[in-house]
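Below, in C-alpha cells: the form predicted alone, a single chain.
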C-alpha cells in the first residue's frame, strides 16, 4: 500500500501543495491531472523523496519513506519530467548500466534488459546510440529504465509528452502489463487518454487534490 497523508509543501511562505492525501493499492494505476503550475511535478518529487514535505507523510507498506530513503527508493521506479540520458551509450548499454547502478544481481541483468526492451518496443533500437534517437524514442528508453527492475511503485511525471501516436496507442496495454508487478502514479494533461488506462483520475487545483 502506497499512502500520501496530508502532504503540504512550499518555498518560503508560498504554498504549493496543501494537505494532499490519497492511497494507491498494489496493481492500481492512478493518473493525476491539472493545469500547468498546479503542483503535479512538485508532488512527484516529494513522492520520490527528492523534496521533503513541510508537513505530512509518504509511506509504503506502513513505513515512512523519509525514515529509510535507501530502502524506499529501492521500491521505486521514477521518470522525471525532464530526463537526462547518457547519449554516447547505445540503448542496450544504457539499460545494462542502469540495472547495475540500481544493484541488480548480475545473473538477472540480461533478463531485465530484455524485458525492458520488449515492454517499450525498443528491440529494433537497442544497438543505436541514444544521441541518434528522437526525443520520443529517448522518452521510451527512460520509461524502460523506470520499469527496469520491476519496482513495486512507479512514478511517471508527464510521461506521455513527446510519445508518438503508435506508443500512445500502446500505453494502455503496457501499463496493464506493468500493473502485474507495480502500482503506477502518473501525471499528465491528456485526460481522454488517461481514461483508457487509469484506475482513477485525480485532479489537482490550487495545490489540492
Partner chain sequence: MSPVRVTWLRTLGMARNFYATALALGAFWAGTAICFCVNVELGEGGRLALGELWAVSLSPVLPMLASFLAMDVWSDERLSGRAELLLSAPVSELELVMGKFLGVCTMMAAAILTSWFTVWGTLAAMDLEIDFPVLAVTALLVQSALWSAVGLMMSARFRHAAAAAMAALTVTVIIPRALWFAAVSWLPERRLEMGQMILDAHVLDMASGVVSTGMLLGYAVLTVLALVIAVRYVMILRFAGHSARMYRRSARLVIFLSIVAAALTLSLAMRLNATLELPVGAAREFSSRTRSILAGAEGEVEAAAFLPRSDRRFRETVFLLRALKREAEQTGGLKLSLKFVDPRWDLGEAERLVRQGGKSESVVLRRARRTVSVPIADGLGERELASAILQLVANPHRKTVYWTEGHGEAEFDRYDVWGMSDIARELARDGYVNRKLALSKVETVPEDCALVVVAAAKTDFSRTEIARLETYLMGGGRMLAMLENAEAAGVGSLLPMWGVKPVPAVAVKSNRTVSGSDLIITEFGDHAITEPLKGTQLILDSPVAMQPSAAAEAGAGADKVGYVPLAMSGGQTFAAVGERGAGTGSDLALRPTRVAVVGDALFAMNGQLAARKNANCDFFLNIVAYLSGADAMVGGGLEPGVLTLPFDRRERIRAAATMVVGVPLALFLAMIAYALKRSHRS
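Numbering follows the first chain given and starts at 1. These figures come from a predicted structure and were not determined experimentally.
FYI, the form predicted together with the partner chain isn't displayed, but the following is about it.
| Looking at the partner-bound form in the predicted bound form, is residue 80 within 4.5 Å of the partner chain by any heavy atom? | Residue 80: yes, in contact with the partner chain in the predicted bound form.
| said: If we define contact as a non-hydrogen atom of the residue within 4.5 angstroms of the partner, is residue 161 a contact of the partner chain in the predicted bound form? | reply: Flag for residue 161 set to no.
| field | Heavy atom of residue 54 within 4.5 Å of the partner chain in the predicted bound form | value | Residue 54 belongs to the contact set for the partner chain.
| query | Using heavy atoms and a 4.5 Å limit, would one call residue 49 a contact residue for the partner chain in the predicted bound form? | reply | Judged by the heavy-atom cut-off of 4.5 Å, residue 49 is in contact with the partner chain in the predicted bound form.
| message | in the predicted bound form, does each of 12, 98 and 132 have a heavy atom within 4.5 Å of the partner chain? | response | Looking in the predicted bound form, the three residues 12, 98 and 132 all sit within 4.5 Å of the partner chain (heavy atoms).
| request: Heavy atom within 4.5 Å of the partner chain in the predicted bound form: which of 165, 67, 173, 70 fits that? Just give me the one. | output: The residue from 165, 67, 173, 70 that makes the contact is 70.
| Residues within 4.5 Å of the partner chain in the predicted bound form, restricted to 144-164 and counted by heavy atom | Just 145.
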